[in-house]
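Only one chain comes next, encoded as structure tokens, the form predicted on its own.
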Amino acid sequence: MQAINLIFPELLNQPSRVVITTHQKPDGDAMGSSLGLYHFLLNFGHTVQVISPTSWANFIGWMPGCESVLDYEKETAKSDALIVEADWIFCLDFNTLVRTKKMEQSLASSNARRVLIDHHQQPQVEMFAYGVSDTSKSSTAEMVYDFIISSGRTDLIEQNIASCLYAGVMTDTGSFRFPSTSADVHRMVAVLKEKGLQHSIIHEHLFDNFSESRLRFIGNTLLNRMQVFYEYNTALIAIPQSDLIKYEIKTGDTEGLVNYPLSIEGIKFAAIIIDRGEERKCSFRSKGDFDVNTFARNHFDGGGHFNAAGGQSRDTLENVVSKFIKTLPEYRSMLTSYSF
């Protein structure tokens, strides 16, 4: 994988066919970084198309340009044709092709030059011609901002780009509370504000745009689905599929729920396991020096960041919960020595 800056002479001067894609079930950073890059590249005469491997949450549907994003699962033939014809494929907020679900084979067989922009650990570097992988970065949105800065065309940052990139960096930093929120992140936001960013509207779109049933779902979850293991400074939420059906839970409605237990005094490690029918999806969050990326890779076929990771299992919800609880004694010393 060669340095991403090597693509600038051609990318900025020769109109091309560009596809931008991200991981399945894109979150705020995945969609925000993709659409921020989309609006930037349109300035150079490129034909640009964002393709999501799956559907996305309603609360990110407000982003400028989201109405033109293709859902691969719904428009497979059209998406595959665009991938075949593409000169460049930008891969954002994921670093292994398996994260694109049913798109994986189409991306792998494409003759386009694949470009990686990502901040997760252990990238599949052999699959990308160019790219940048930096785990110290707060978000892929911050990295797209850096990409624009490196291009020398910061003059092209306007409100659409600013809004998308702000949404990405703000959601992936937990509204700027996570340790990855560096001084560079705040400098980035200052520049976006100078470019016309209306940040309060974005917060309303992202956090004040849910159904009543979701709020009742959260209440039921915290009351009836959460276990706290104080001997391990750990909390676990396990959600059966019946709850998703009862409360009419849609894509994105469980976003951020794993963070709730971390607000309990003393809790260092939080996990949520959701029965999605075809598989059980896991999310892990931690404070301080407990590495959930390694935990997810070792036990739940997953990975991610040091303090935020995910995983999955085809086993039953009951068995996955049992497996999680049985792993805790192995990490007793790390979880009970609270260090920041």
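One-based numbering along the sequence shown. Note that the structure is a prediction, hence the values are computed from the model and not measured.
There is another form of the same protein, the form predicted together with ligand 5GP; it is not shown, and what comes next is about it.
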Any non-hydrogen atom of G311 within 4.5 angstroms of ligand 5GP in the predicted bound form = yes
Closest heavy atom of S283 to ligand 5GP in the predicted bound form, within 4.5 Å or not?
-> yes
Spell out, yes or no, whether the shortest heavy atom distance between G304 and ligand 5GP in the predicted bound form is within 4.5 Å.
-> yes
Residue contact check: H120 to ligand 5GP in the predicted bound form, 4.5 Å heavy atom = yes
Could you spot which one of K268, K137, R99, R114 gets a heavy atom to within 4.5 Å of ligand 5GP in the predicted bound form?
-> R99
Taking the partner as it appears in the predicted bound form, which of 52-60, 65-73, 275-283, 31-39 has residues with heavy atoms within 4.5 Å of ligand 5GP?
-> 275-283
So which residues in 1-34, when you check ligand 5GP in the predicted bound form, have a heavy atom no farther than 4.5 Å from it?
-> H23
